[in-house]
Each structure stands twice: as structure tokens, then as C-alpha cells.
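Here you get one chain, nothing else, as C-alpha cells; it is the form predicted alone.
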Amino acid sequence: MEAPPVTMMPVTGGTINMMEYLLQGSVLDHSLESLIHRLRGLCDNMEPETFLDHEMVFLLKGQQASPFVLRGRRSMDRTGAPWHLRYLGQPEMGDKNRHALVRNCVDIATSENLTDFLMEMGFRMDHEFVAKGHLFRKGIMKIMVYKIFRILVPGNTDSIEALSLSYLVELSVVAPAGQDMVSDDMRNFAEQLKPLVHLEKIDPKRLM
């Protein structure tokens, strides 16, 4: 799957601090077609892109209380596509006026020996999964509807089974820090998807 679009702006010094704005929800399998039909009418691409990705989550334990986490993802249905290495920071949940979860985000394309490089750096793989689904776009917003599959035999992406009887739905925007007004647009778009799916600002810590 391609990296999410990035807002273009001049860099006067150093790098741009990119943030991911995120709303999440889920829909049962039997409601999938109704949601896809609604998204076709609302989004820029009537026919969604499809993706089949393998993601591996790596941990590096150090002196800090919680390990450092990096994610490596590769496309299983696009030969020659680069691996992607992703870092997601701790979510900023405190601002009640902000309608989306916000976290620091770094996403870069890498060579195919990414996993070997991370192992040499001292990371270990914590878990892996396969994600299969649809990708819609609305302006700078990205809407992903996908099912997660557990890998039954480590490293064998042909041996998988569905994790649940539902699809994850994620509405996200990647933008430079400080552009909190995008969360208003996200909330307005999410309202148009009700009652098929309720997209919310979910704190990952509550799920642990």
C-alpha cells in the first residue's frame, strides 16, 4: 500500500513535524457492502483501491519503561513495491476541542532488507498480521476499511485466519503539526457515515 499523501510545504530548516489525525470504528461483516456503497457516494474515488499488506511490529527494549516500537509493512499484491517503516508516537488525548486522536507520525519507504536491518539494530519482532481491505480518499482524508488476519504459522502469510467477524474502519489525515482544523472536517465526514459506523477518538491505552 502506498504511503499516505503528505501536504507539500517548503522546508526552511530541519524536517517537518508530521502528525496523524485519526478516528476509528468497526462494522460487522454483513454491513460491509452498505458502508462501501455510502463511501462510493461520498469520496473522490468511486471505486476504492484494494490492498493486501503484511505488517510486522518490532520492539526495542531499553532503560525506559515502555519499549520503542517500529512497524514494517509490505504489500503482498504489488510486486516491487517498497517496504514501509512507520513510527507512531504517543497519542495526544487531552484537548477536548480536538475531535480526533493526534500522534506524531513518521512513514518512510525502505529497501526489502528492512527486517534484517531492524534485527541487527537489536529489535525483536513482537507480532505480525495481514490486513486486507479497501482504501478511499476524500481530499487529504484517507478512509481505510479492512479486516485483520492472524498468521497461524510465523512468517507464513499463506496460513491465516480472520481475527474477528468485523472490519476496522479508520479515517485519517497526515498533516504538519498545528493544523488541528482538519479534525473538524474529519468529524463532519464521520457524521455522514452514521448510523452505518460510528467513528470515534479512541485512546489505545484503554484497549490494553
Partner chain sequence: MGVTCVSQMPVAEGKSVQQTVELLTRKLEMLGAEKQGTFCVDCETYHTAASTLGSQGQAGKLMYVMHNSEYPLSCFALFENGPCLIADTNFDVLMVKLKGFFQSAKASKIETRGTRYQYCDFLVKVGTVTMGPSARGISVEVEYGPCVVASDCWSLLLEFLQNFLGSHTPGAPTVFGNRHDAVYGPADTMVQYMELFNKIRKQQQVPVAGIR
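Residue numbers count along the first chain shown, from 1. The structure displayed is predicted, hence computed values, not measured ones.
One more form of this protein, predicted together with the partner chain, exists but is not displayed; see below.
- Against the partner chain in the predicted complex, the set Q64, V106 and L114 is in full contact: each member has a heavy atom within 4.5 Å.
- The candidate stretches are 64 to 72, 145 to 153, 37 to 45, 160 to 168, and the one lying within 4.5 Å of the partner chain in the predicted complex by heavy atoms is 64 to 72.
- This chain is drawn without the partner chain; in the predicted complex, the residue among I140, V57, L60, L32 with a heavy atom within 4.5 Å of it is L60.
- In the predicted complex, at least one heavy atom of E120 sits within 4.5 Å of the partner chain.
- Among residues of the shown chain, L85 is one whose heavy atoms approach the partner chain to within 4.5 Å in the predicted complex.
- Shown alone here, Q192 lies farther than 4.5 Å from the partner chain in the predicted complex, counting heavy atoms only.
- The closest heavy atom approach of N17 to the partner chain in the predicted complex falls within 4.5 Å.
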